[in-house]
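Look below for two forms of one protein chain, each set out as structure tokens: first structure 1, then structure 2.
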Structure 1
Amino acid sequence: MSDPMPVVHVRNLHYAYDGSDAVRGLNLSVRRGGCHALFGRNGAGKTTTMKCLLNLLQPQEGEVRLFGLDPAVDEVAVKRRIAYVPDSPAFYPWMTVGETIDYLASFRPQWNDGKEKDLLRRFTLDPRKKVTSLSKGQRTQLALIGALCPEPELLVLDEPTSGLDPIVRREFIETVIGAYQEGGDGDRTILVSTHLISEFEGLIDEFTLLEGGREILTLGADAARERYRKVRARFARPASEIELPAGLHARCVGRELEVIVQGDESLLLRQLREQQPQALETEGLSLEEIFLVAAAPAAPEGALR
């Protein structure tokens, strides 16, 4: 049986600002019920892609579908099923926090009042406070309340924890986002762009690495940890004297050697054992480490990196 229709489908997407390409031939597919992350440097095309998905920008080439629908043609039908938190939320300045929440709720056929009260308490937001007096982090918290209380099928988050202090950020990621997915019988989907990869580590099911507006790697999180391995060895002599195959990510510190391997590490382990190491071990990489390796420029022939 074929896979069900993806929640997000992007094919050959192009978008340029004043002749400068932001997204170039991007292909992306997000499955229902998981957390899919977009990783990439600043300017990699993450925010532009999200804006094209939300019909905030019109794709100049290519195809965008959410739930099988064109967001430019079926905008209302699509936006009923999604919620979006941008990296810099803005609200009507004359409203209070409570009035803003009521305004956002008025557009939604479904609104979880209990979750609203719980999030206001968690974030210690005063409903009587004017939104103009809120800090950037508090505006993000208000936007998160507006996004989570409708309990949408798809939650689109562009740097959602930007401006939050570390304690609130950790609670939001582990408790709020986790509870959002758990309450949906496996049908709720998250598409998140973040540079705080380590903090989202336990929630990400699949990720796409963008570079120069293109997709250069899409992998399931577990598959990525299996593919990218770290080998550590300690020797009786300086590690810089150890000969290794060309093109590996390697780092030498005194008598210790650390090597990143893609795929089967058995050949490298056999070669290192021939050098009679005092200690030798392997482990999987974190998603942040995988991003740093995958996004690094290729090493020249014969070089270590």
Structure 2
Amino acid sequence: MSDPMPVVHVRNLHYAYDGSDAVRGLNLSVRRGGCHALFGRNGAGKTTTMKCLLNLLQPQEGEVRLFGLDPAVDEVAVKRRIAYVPDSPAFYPWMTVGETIDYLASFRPQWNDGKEKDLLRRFTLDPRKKVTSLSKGQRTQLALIGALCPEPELLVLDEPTSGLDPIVRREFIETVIGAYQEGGDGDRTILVSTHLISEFEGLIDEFTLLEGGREILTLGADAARERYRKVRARFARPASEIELPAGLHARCVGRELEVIVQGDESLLLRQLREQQPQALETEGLSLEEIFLVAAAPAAPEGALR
């Protein structure tokens, strides 16, 4: 991942609101053409980081670069190459859908009219409707049209589908894949923060896990799913009597035992097999399960880790 020029480059970013730290020394690198996800619990620093990228907040310390440019210095040059869909998009209440689109387009050097028509039809949005009469899902769809028609090189999505119904969520992701990714011949970049990890799973090819305003883990999605394994075993006697390799914590329920392993599970499997299990199986972990394992606070002895 040592791209000479990542699309997003963040080094030692700090930001505090009224003395309370939101981001504390964050590093992040997003390569061109990928879909990079930010995972983290509420308050981990995801939104603050994104707002610093978008120049909505100014970093108090550290360095932020988009396409190698400082968004605070080259604001116009950066903004014409990016688009943003927030959690709750805001529009001017006196405008209609069509007026809102014209307004958004007026800030953009390029605007794909064909895409605008396609997406309005796909979402069955009526341009004559007032934005105040739109549902939350329709507001997000309008924001997505505003973000995709300028054909940006980087699309920043902050919890874009939270609070939407499943059909709108699915359509949103399909639109990002089809209408956005297809246009760029493989070099369009997405940065997304979401709690709906399983819905974005297929789209994500790299993720960074944030905790307390810092990155604690950055991994490729395939690499992560290859690395984390869940081993389950059942014995004739209580599982709590089973000896495990040093450093591994198992969750024991009756005669069953469950261990999450990182990397090579063969040593554990050999050791478990010697103790004659009645059943022994290994399973991979989805990104959501990996997030739960990696973001969990240090577990006490005997707990799932």
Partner chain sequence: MTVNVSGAETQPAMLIELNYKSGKPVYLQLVDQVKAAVASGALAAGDPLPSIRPLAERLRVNRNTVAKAYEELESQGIIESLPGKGSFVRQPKSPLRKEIRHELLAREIDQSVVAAHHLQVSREDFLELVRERYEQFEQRRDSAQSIQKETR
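C-alpha atoms forming the largest set that superposes within 1.5 Å between two forms make up the rigid core. Start at 1 and count along the sequence of structure 1; that gives the residue numbers used here. All figures in this text were calculated on a predicted structure; none of them were measured in a lab.
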* Asked: Which of these two, 1 or 2, is the form predicted in complex with its partner chain?
  -> 2
* To do: Kindly check if the Cα atom of V30 is displaced 2 angstroms or more between the two structures relative to the superposed rigid core.
  => no
* Look at R255 and decide if its Cα position differs by 2 Å or more between the two structures after superposing on the rigid core. => yes
